[in-house]
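In structure tokens, one chain follows: the form predicted alone.
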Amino acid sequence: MALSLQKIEQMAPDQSSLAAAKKLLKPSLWPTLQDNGEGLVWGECQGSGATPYRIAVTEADAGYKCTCPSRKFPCKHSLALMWMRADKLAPFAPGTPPQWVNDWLGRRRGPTPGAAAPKAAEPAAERPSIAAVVEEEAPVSDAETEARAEAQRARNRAQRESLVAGCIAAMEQWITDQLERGLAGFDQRAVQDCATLAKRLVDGKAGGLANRISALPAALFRVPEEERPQVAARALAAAYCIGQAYTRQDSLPELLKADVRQTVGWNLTREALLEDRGLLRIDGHWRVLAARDEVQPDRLRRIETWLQTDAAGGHCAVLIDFIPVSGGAAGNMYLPGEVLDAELVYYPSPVPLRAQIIAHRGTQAAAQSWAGGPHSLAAALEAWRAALAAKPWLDTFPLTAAKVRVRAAGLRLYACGDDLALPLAAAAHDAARPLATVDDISLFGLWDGRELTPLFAQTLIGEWTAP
């Protein structure tokens, strides 16, 4: 039984959901639209995050699944996919259901509850109506109205710049005070002192800096007590460097200026990324090497997906999404071992790493093992040194190297090349210990200047993935 607009109206939780779905009826927002010819359709919809949401629908019973964190069922993405299918607004390419669709089908037990449950009768005027949404027209904006809006935006920007400048000055004074008091006991007062400064930074619209300061106490307590003053010194030096760079941003190269503004907390929209033709873009096959998920102090889940292209140079990229913790465990991460056929655009930076997907032509399982690239561990470390020189507040940097060995010395594990050894993060020791039993590993990990967090390894007996 094919989907119909009447059925979609019956399923919609409210009129605003239909209005939101209407805005998604653009094929350009859907890098993937496919069906299996038997009533199963699926697609990927590009939202505000780096990775598209995945949506699947069964036409027979209007069952649906979406990876977005919405608490409305069906969500706007599911409604939009049904709408495009019912109204034939976009072509659906024939295809074989990918693994994530099959996984969902395997977990289903009959019709989706939200689709099958009958809705209580509503007055005709209050029922969700597609016709009412279609008839709505956007208000006409004349030149005078647009000029007033632009003037208000300029005032808002100027006001925020003033707030940011003020809170950076407060942060620099706070750092000076901490150094004068001495860092030997900083870990004992870090929780309270960092929370106070972070609140000041949030009030000053410098959310990026606030997250850095809020995360510092946890970073200190992850390392042995004798190492904490050094970790604190590095973190405070980076924050001070960011503040100084922001204060003098007009004298910085454009890419470094753009990076420091993003680091402080200014957001760059997807539309701005797509419009800037001067940014680095790479089109090709991208292998998923790692997926990380952590909760930030601001109660947002930060989801990182690390990729490497098979094109010359083996560029790495990270897709970053932020989902409210209240949204539950839903996410849209790709899994290690998958390969994306996609074009990516990088955020402006002298060390381009964070990226967004521009066009996504499909995902499939990797056909061959990962080789780790042509770099030795020493060459990978040199790349980090060059990146640090270009971006002094660099946090972590992806290292990819071939012919690596993991060896134990005392209580520590080390990633060893021909002429150097890098300490592995203590938190990764238990999981990485099996790597010490094999040689010639192709290794991917994140290096922060003092220890390496291994995330993926290709060995002679198979793949190793960090838990």
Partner chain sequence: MTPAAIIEALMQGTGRRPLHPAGVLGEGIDPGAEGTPARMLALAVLAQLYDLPAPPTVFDDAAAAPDGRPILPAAVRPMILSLVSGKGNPPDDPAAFALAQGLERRGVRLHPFDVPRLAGFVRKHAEMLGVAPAEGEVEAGAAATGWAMWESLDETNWMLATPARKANFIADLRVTDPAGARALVEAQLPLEKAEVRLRLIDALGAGLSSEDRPLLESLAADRAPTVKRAVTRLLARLPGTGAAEAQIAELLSRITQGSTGLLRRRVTLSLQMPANVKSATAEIDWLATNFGGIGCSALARAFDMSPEAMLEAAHDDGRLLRGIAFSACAERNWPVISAIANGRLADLWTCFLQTGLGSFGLVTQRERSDWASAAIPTRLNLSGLDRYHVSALHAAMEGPLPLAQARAVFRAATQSRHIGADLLTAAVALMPDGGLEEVSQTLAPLPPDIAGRARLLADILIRLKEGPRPS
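Numbering follows the first chain given and starts at 1. Computed from a predicted model, the values in this text were never measured in an experiment.
The same protein has a further form, the form predicted in complex with the partner chain, not shown here; the description that follows concerns it.
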Residue 38, heavy atom within 4.5 angstroms of the partner chain in the predicted bound form: no
Within 4.5 Å, heavy atoms only: does residue 433 come near the partner chain in the predicted bound form? yes
With heavy atoms only and a cut-off of 4.5 Å, decide whether residue 414 touches the partner chain in the predicted bound form. yes
Going by a heavy atom distance of 4.5 Å, is residue 426 a contact of the partner chain in the predicted bound form? no
Exactly one of 99, 230, 396, 188 has a non-hydrogen atom within 4.5 Å of the partner chain in the predicted bound form; which residue is it? 230
Heavy atom within 4.5 Å of the partner chain in the predicted bound form - the one residue of 158, 147, 367, 184 that qualifies: 184
Give a yes or no on whether each residue among 10, 53 and 58 has a heavy atom within 4.5 Å of the partner chain in the predicted bound form. no
Tell me which of 399 to 407, 40 to 48, 27 to 35, 58 to 66 has residues with heavy atoms within 4.5 angstroms of the partner chain in the predicted bound form? 399 to 407
Of 154 to 187, which residues get within 4.5 Å of the partner chain in the predicted bound form if you count heavy atoms? 173, 175, 176, 179, 180, 181, 182, 183, 184
